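Here we start with a single chain on its own, the form predicted on its own, put down as structure tokens.
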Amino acid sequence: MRAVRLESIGSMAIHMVEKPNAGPGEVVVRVLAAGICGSDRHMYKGEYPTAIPVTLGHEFCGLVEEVGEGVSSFVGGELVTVDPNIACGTCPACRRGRPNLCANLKAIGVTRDGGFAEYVAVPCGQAFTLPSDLDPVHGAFCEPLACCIHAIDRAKIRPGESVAILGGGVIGLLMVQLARLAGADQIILITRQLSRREAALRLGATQAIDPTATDVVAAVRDLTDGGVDVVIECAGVPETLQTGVQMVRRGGAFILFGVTPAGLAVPVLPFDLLVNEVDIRPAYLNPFTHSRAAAMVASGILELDSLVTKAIGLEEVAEVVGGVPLPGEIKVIVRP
């Protein structure tokens, strides 16, 4: 079969490799759609811990083609989404109900072969059934959506509150929709690209601000009478980390979601955090939220089609992951 392999930092290529077999407790999934994530680009650059060599691709949907020994939850032919994050279940974090902080965490498409391939073998417990008539492209959104749901859980948004979302990529635009569903009265999307600001307004944002055209902290504070209840940082760059904290009202929450390169330091002002009691809450991965994401995608409650910029084949994956995102790009879907 064909698979796109990360061979070394900064080097990806498509190869012919042996098709996986379903081991005990596993299923083999024929990949129908896989999303390219910003984390894939971080892994390509060596900015996120990754096994090398490995087949990337942790956001994918496909059909169960082979069922391994001891698997009773699948018979074959089911359309599934896969939670890529495999916790050990026995370390202290797992025993405390925090599988995203597992000391022995393994991840499909990160530390074991993933979905930028024609087939992938996964533990059966990581697969969640979707309606058979669902568009597989929608199914590929389950993984990033599950991570967003965890961030919304951490944000504890209450009806009538205000939310600022920093970053207008696919994550930011999913957050806009989730914040709206959570009951936020005011949703401010902050991003440089006009097309993304326009998309945010269509998807439920009440305001969309270009941070290069104004003092964005002053603008947000003016719109919200002193600061928003919740800031969700989705860009993972030093500038938004610093300005985001300054947008939060006294006693509000700052949700750290965007992935910054490992080792990058960002200066903060501890005195301001102290006297304003700004609550900084990181939101990492998708603990117990993948099934909720699958249910939301199956329900059709979210607008996903407008988030897809284009679909590509496996032959183009290395170029897209290793290249600079095109202006207006939101989500690129791989169709093996």
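Quick caveat: nothing in here was measured; it's all calculated off a predicted structure. Position 1 is the first residue in the sequence shown; the rest follow in order.
There is another form of this protein, the form predicted together with a small molecule, and it is not shown here; the text below is about that form.
- With the small molecule omitted here, the record of contacts in the predicted bound form names 169-177 of 75-83, 117-125, 134-142, 169-177, defined by a heavy atom within 4.5 Å.
- In terms of contact with the small molecule in the predicted bound form, the residue from R154, R196, R112, R221 that brings a heavy atom within 4.5 Å is R196.
- Out of the listed residues V259, L130, A253, V217, V259 is the one that sits within 4.5 Å of the small molecule in the predicted bound form by at least one heavy atom.
- Proximity of S39 to the small molecule in the predicted bound form falls within the 4.5 Å heavy atom cutoff.
- Residue contact with the small molecule in the predicted bound form: I188 places no heavy atom within 4.5 Å of it.
- Contact annotation for V228: none of its heavy atoms lies within 4.5 Å of the small molecule in the predicted bound form.
- A residue is said to contact a partner when one of its heavy atoms sits within 4.5 Å of a partner heavy atom; Y284 meets this definition for the small molecule in the predicted bound form.
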